[in-house]
Ligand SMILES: C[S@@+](CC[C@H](N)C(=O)[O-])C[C@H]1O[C@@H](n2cnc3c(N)ncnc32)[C@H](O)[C@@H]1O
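Single chain ahead, by itself, as structure tokens, in the form predicted alone.
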Amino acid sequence: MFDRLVGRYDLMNRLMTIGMDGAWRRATVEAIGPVRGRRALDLGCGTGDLSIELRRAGAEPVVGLDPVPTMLAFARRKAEQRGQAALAVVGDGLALPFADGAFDLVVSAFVLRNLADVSEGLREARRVLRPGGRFASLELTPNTTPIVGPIARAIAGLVVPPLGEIVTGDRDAYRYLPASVDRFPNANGLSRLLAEVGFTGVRYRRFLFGSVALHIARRPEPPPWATA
């Protein structure tokens, strides 16, 4: 499905978020900071927008991982157009091809709800973080806000699929989007999952009237006596 969307994926994202998704990615990088000189993994990097923001902020190296080779190829071209060197790896978020503790930062944007097992994906993200490393997820979230929530669900179900068909020629992909949100944990539920798999310091903030959530968490460091 994502392979079919590559050419119009960015345009559709801009339209669905009223042009705000770029600001949310910048907020993600700011919230997980400091990032300069840190080793970062962009989990499910897609067309590379979050990786670009990490490199702008000084993260080095930034590795983009995605299961779709055409997405990675597009991400490389975007990075090169901005004078950035892109490291791209084809891989599965449930079986990351990296050593334990390989990264200081693991970030994702609009990825977790696409995983077949969210808890396992979070465990893998924690595994490849060094102790003290930080995790961030920017994701659509079920909107339970009175009045706004039903409106958001109606827009997602009635407006997004025909808009997706006009822009990308693929209505089915944008029927999948609201369905994937409906079965995903809400912001509090995702916070609980993060804590259950061993993250600490979990916090989140919402955007777009509660329809998008940015979660930040940390892999705890071992107590001093554990390394003595």
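Numbers follow the displayed sequence, beginning with 1. Fair warning: this is a prediction, and the values are worked out from it, not measured in the lab.
Just so it is clear, the following notes concern the form predicted in complex with this ligand, a form of the same protein that is not shown.
Of the heavy atoms in residue 65, some are within 4.5 Å of this ligand in the model of the complex. Residue contact check for residue 17: none of its heavy atoms lie within 4.5 Å of this ligand in the model of the complex.
Not displayed here, this ligand is approached by residue 44 to within 4.5 Å at the level of heavy atoms in the model of the complex. Heavy atoms of residue 125 never reach within 4.5 Å of this ligand in the model of the complex, leaving it off the interface. Taking the partner from elsewhere, no residue among 159, 182 and 211 has a non-hydrogen atom within 4.5 angstroms of this ligand in the model of the complex. Comment: 92 to 100 is the region of 92 to 100, 79 to 87, 145 to 153, 128 to 136 lying near this ligand in the model of the complex, near meaning a non-hydrogen atom within 4.5 Å. Residues are counted as partner-facing when one of their heavy atoms sits within 4.5 Å of this ligand in the model of the complex; in 8 to 43 these are 9, 13, 25, in sequence order.
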